[in-house]
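Shown below, as structure tokens, is a lone chain in the form predicted on its own; questions about how it binds or moves come after it.
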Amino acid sequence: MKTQIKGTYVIGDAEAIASLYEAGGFGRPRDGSLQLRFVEAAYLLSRGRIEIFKNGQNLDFDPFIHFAAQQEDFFELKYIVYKDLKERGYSVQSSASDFRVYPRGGKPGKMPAKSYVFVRSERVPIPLSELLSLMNEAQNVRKQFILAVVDEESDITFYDVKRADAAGRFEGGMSAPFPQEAAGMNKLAADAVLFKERVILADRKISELLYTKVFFGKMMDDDRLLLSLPEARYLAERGVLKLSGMDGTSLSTNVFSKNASLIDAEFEAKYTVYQDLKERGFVPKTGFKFGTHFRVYRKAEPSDKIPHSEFLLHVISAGHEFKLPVTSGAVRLANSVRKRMIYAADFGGKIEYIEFERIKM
């Protein structure tokens, strides 16, 4: 079947609509002809389904993909992904979001697409703003957003990228949002001291209540509780602790936070997310062993029945760029320990939670 290159499309006649679009879901009918994107045309050309002409010259596969790659950025990567999806039995339409993918057995015009697939090289970072824009585009039409990353050896890794809270999997947690209520402390403030890097609470009763009932800190000995900086601020803001320095000087939460920011430059960003997670009923603990800011539990449990954390969470800025080799490593590590990998960014008081899940197509 003969087709012609016109602008950024390969055009087939009315016969192509019947044999390629209606039978195979290729291209889009327009004004009595069929418009094929370059990746679709390359796939059909490789299988001998069409011939492609440019200015009267018949182009074989190699000349055509050389031409297409000069017209379309990352053409070869898109072709690798398109071919892979087709060979897996999917109906695929090229679109502004790279590809629309239909369920196996489905075709364009017969049923809606299930997923939007966006193709990226492992070498090209993705700004968070761009990722959110693509996610919004998919979410607005109720499509799954899939990131297809092509690596150095042309292998493809697929990620389902979504908002963790919008996905309906981010609720639940501790029944009582305030530790006083959960631990039965009746808002009695205990004295706690900021040392060089952490806070020590030397009140045996409250230490035991905080640790065993609502999973704050780690027991230093039978009488003392070691608290992280976010835990200490959270408890102080809720009247559980009265903070002071090693010299006995009382510390307001503002002064404590300034000191904490000198100890940890990321303290404020991390605390904003920590507080939000606590208010959602989760129990955030340090994720250092996993290379993240937090490991997060769905609910507090007695200390002798601590469950596995549900997900790992890393705090990022609104201007963050995802470096895909780093992101890949974080997701794989999370999966290897049976956890979800979530990133959190504060947009002027609204925190976006974004989950990356490696999937098989």
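For clarity, every value in this text was computed on a predicted model and none was experimentally measured. Numbers for residues come from their place in the sequence shown, where the first is 1.
Keep in mind that the form predicted in complex with another copy of the chain is missing from the display, and what follows is about it.
J.: Work out which of R163, R280, K213, R224 lies within 4.5 Å of another copy of the chain in the predicted bound form, going by heavy atoms.
T.: It is R224.
J.: Exactly one of K258, K110, R104, R123 has a non-hydrogen atom within 4.5 Å of another copy of the chain in the predicted bound form; which residue is it?
T.: When another copy of the chain is considered in the predicted bound form, the option within 4.5 Å is R123.
J.: When another copy of the chain is placed as it is in the predicted bound form, which of 132 to 140, 111 to 119, 94 to 102, 241 to 249 ends up with heavy atoms within 4.5 Å of it?
T.: Comparing against another copy of the chain in the predicted bound form, the contact stretch is 241 to 249.
J.: Heavy atoms within 4.5 Å of another copy of the chain in the predicted bound form: does R233 have any?
T.: Outside the cut-off, so no.
J.: Though only this chain appears here, would V337 touch another copy of the chain in the predicted bound form if you measure heavy atom gaps against 4.5 Å?
T.: The answer is yes: V337 has a heavy atom within 4.5 Å of another copy of the chain.
J.: State yes or no: in the predicted bound form, is some non-hydrogen atom of Q57 no more than 4.5 angstroms from a non-hydrogen atom of another copy of the chain?
T.: Q57: no, not in contact with another copy of the chain in the predicted bound form.
J.: Is G89 close enough to another copy of the chain in the predicted bound form to count, meaning some heavy atom within 4.5 Å?
T.: Result no; G89 lies far from another copy of the chain in the predicted bound form.
J.: Counting only heavy atoms and a 4.5 Å cut-off, does another copy of the chain in the predicted bound form sit next to every one of A69, E76 and V150?
T.: Yes: each residue has a heavy atom within 4.5 Å of the partner.
J.: Residue by residue through 325 to 361, tell me which have a non-hydrogen atom within 4.5 angstroms of another copy of the chain in the predicted bound form.
T.: Those in contact are P325, S328, G329, R332, L333, S336, V337, R358.
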